[in-house]
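We give structure tokens for two forms of one protein chain below, kept apart as structure 1 and structure 2.
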Structure 1
């Protein structure tokens, strides 16, 4: 660019600075009726810069490129993911031709981003591809590697926004490859794109160059995490998400609440994979980092200031969401431990328990060391706080009541925190989901409790928290939630009934149950049948007609409810033969429904194999029992 004078160059740098200021600062204050005013002004300045650069003398052998000149697009346009990474190809990055291509490419890049920001995606894509074309003539070097990565990041975002995930993947994976190759072959702090239009006295320090370059690559990893998630590659997505979060902490480039919520969300992936060490680490980090956002403004402060009101709302909501992730951690840890320890009738297998306790002693230290090595979040300021929080909740499966209770209490504490924000008034669905999780925590803890009386009281706590909600909910607006609650209440009463009967049988045989025990047993049995029947009634038409065809999402629950109602009616205890007969007939009616529905809908049989087999058996046996009872009644009369 031989014809460039210092005054002309300074004028270009000033225009670029003004364009950046318009884009990043002034645009925040644009009016609603003209939301892109500042960005349109920035666009004009960028076009002027482009024209100025194009007008300078070109050395022999240099060809112009880029869309502003009207050059046709080459027929063999490189597609990322199917090309070399640009190392050792074309003009050297520090040659006059290479630097000129980089500067022109940078303006095309900024024009592309500008058009995307103003929702002109096709024009934005054209400018970004013009940048790619210009860079395609150059080899990757410290002078242009940042631009190589930035433009691919933007094209990745653009194509991902169009649901062209695999195209986005190609651009982003090439950006990743370029970064890795550059760091291996060179690694020096590269020129930042803003420095193409900066006077010498304002050039960045090596430290600032490194920070900006690493941040660009962090964005690459973040976008790749989204791409892999959308492609269903969840393991890979989690790895990239974890690395992104770690890099954001190292670079000190993060919003505390946003970072914390992302870490808490990542924990849920690890939990579903049974990787509780990683899940706990993510949640502990989320809790500590969310604390960096400061205290929640008081109600008084929120009433005086709109800004403080928004901040109060955001902090309370996101911390409540993190608390909900902790609840899921504790609940899943208890439930997975239960699966590990239960026998074939759902009770605690003490032999298995002893075996796991013996095995654990040799595993604890190795597991802690091996799985933590590559997963630590935090800096010097936060590492100790994160480790301290991790120590308050275990990540190994609880194997007895004491260990299970410790996990339960942590979960229950977070239930309290979550409910403070997600209250019934305003957050009906969220509040009920939290209550359901609280109920599930009690159910999981009850498995570890050997004292049947105390176990029964835990189930009573579940009834006490869910029954009033089920009664008060509007059936029209919250039908699905009411069905869930009905089914859970029915199962809970049934569990309490079985426990009461077991307790009674330990004291005496069934022939000598006292009237109080019988009354209690019948109450629990009837309550369970009532809620199962309420669930079944909710499936009927407004006129009360039973559906001929059950939808897939309610097929198994409906048939199981029928089976359970049949079983419950047959278990009711009564000294009156007529009441016994009525109960047996209602039992037979429901068993027959299960059998007949599966005969007319053969595809349903596979969803209730055990229940169907028992129903068929009872349809054969119950008529005999009914006939014997009728004969006795006739003889007595």
Structure 2
């Protein structure tokens, strides 16, 4: 820095420190009605620094006798996305010319970020591209690699914001390859951009340099995750999210509760993909890392201080949310196993069960192998706790009742945990969603239960937890949730009705049922019909008019509900011919509705093909049955 006096240089450094301080610290306290005040001030300082550096460049250029001020190189714009990674060309990064370019580039970078932050995107873009141009003349070295990556990160954000995702992808992927190349070829802790404007005594330690550099790259990964997500490449996006989380943990740059919640959320991605081992790993890590956030403050402590109260609230909420992610793990595992094991009418297929049990051994070995190759979370002190938590629940499909019950119990335990925080009063929707999961856990478990009496009791538990809520909720505000509950209750009652009938038929091998059983059967049958009807009524207008046109999301449920109401009415048992007649007429009405609706709305037919076909048959057959009944009644009179 021969031509710049040390005083002048110190002044530049001071300005820079000031600008940084304004941008990062002061700006947070800017008043709401002047939110960019500090950033505008910082911008002025950066401009002054730029001018000083520029004038210095000119004066030094004269001393050098020409040099790069009359740069003969054509100033072509570096175009990213073409794998122009800046290695082995142009000025070397540590040459005076290279350093000067990096410094000017850094000021352009900061100006660019400043403009973007203050909503002046086009100007921001220009500054960032100027930085790119300056760097385009240099080769990558430990002096400038950090800037190489930072500027591309920013351009990635800028272009993604304009829906130009491919352009963003180009910048970010180049940043990624620059990082990888640098780490392979050099790997020494690189200069941080702030050090360009720091006096000797304030240079960073190697450790600090590495930390900042790695953090910049973590951001690149994170931005790439978003770009891939926006491009619909979910698999790739998930891998980049996973790596981002892993880097945060490794580099010890994370907030435990936030990290844990993110890992738990990622588990939901894996679970829906059917990748239970990865899902379980994320959840176990989430539980262990959330433990690092410490104890929940007591209620007494929370009443004493607002901060403790806030902390208590946060910790309880987030842990309850992680518990809910675990519930979904158990639930999906059971449901997927059920799907695998059921025959064409939804009963346990024992041949399939035997077959899968035989295949089990190989699967266990697969799991072991998979676990070794997967991207694992953890540091030395958390690794064992994560592994031991993983052992508490299997990630292979349960194949019989004992195995299913083990998964169920883990899920039920998390239901209890989650409900402690998400109580009905204050968290209506959340509370009910947890209950719905609990009910679904029972439903899945019942599939594995061979004893029909006990199976029926499990369904009764479902009714007991859902029925009171369905009746009490405000119909206007919780319409959607109530519809779901009504449908589920209707189905559960039907299921119980079928089970009761099977049981009764098993005990008495005659066709005739005793009056107690008939009463029970009719009760379950009417209850089921009642809830299907409630569901159908909920589709009516505020004036109670049946809709002429069913919206897509309720089309199939509404037609199926009609179909099932029809069936239920024809199943009611009565010795009175006139009651029988009523029931058959109501049954016919509902079958007719399905047929009629599909006639006037031909597009509906495809969503209920089988139901429609059967409804047509019944519309043809039931009148004959009704007429026979009428004839018999007339004859008896």
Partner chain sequence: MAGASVKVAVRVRPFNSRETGRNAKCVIQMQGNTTCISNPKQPKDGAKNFTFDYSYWSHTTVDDPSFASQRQVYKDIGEEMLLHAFEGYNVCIFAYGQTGAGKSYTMMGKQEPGQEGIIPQLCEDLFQRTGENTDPDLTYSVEVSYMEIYCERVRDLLNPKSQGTLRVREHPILGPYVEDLSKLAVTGFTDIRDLMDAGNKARTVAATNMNETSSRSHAVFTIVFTQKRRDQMTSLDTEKVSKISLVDLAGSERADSSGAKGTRLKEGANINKSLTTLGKVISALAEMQSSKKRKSDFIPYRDSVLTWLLKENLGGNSRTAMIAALSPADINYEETLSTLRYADRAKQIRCNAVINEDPNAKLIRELKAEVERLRNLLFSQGLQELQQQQWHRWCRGFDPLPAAAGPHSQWDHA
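For clarity, a rigid core is taken as the largest C-alpha set superposing within 1.5 Å between two forms. Residue numbers count along the first chain shown, from 1. Because the structure is a prediction, the values reported are computed rather than measured.
S.K.: Does structure 1 or structure 2 depict the form predicted in complex with its partner chain?
M.R.: Looking at both, the form predicted in complex with its partner chain is number 2.
S.K.: Kindly say which of 247, 194, 551, 306 is at the hinge when the rigid parts are compared between structure 1 and structure 2?
M.R.: This hinge corresponds to 247.
S.K.: Return the inter-part rotation between structure 1 and structure 2: the angle in whole degrees by which the smaller rigid part turns against the larger, from C-alpha superpositions.
M.R.: Hinge rotation between structure 1 and structure 2: 11 degrees.
S.K.: Having superposed the rigid core, state how many Å the Cα of residue 49 shifts between structure 1 and structure 2.
M.R.: Here the C-alpha difference is 4.4 Å.
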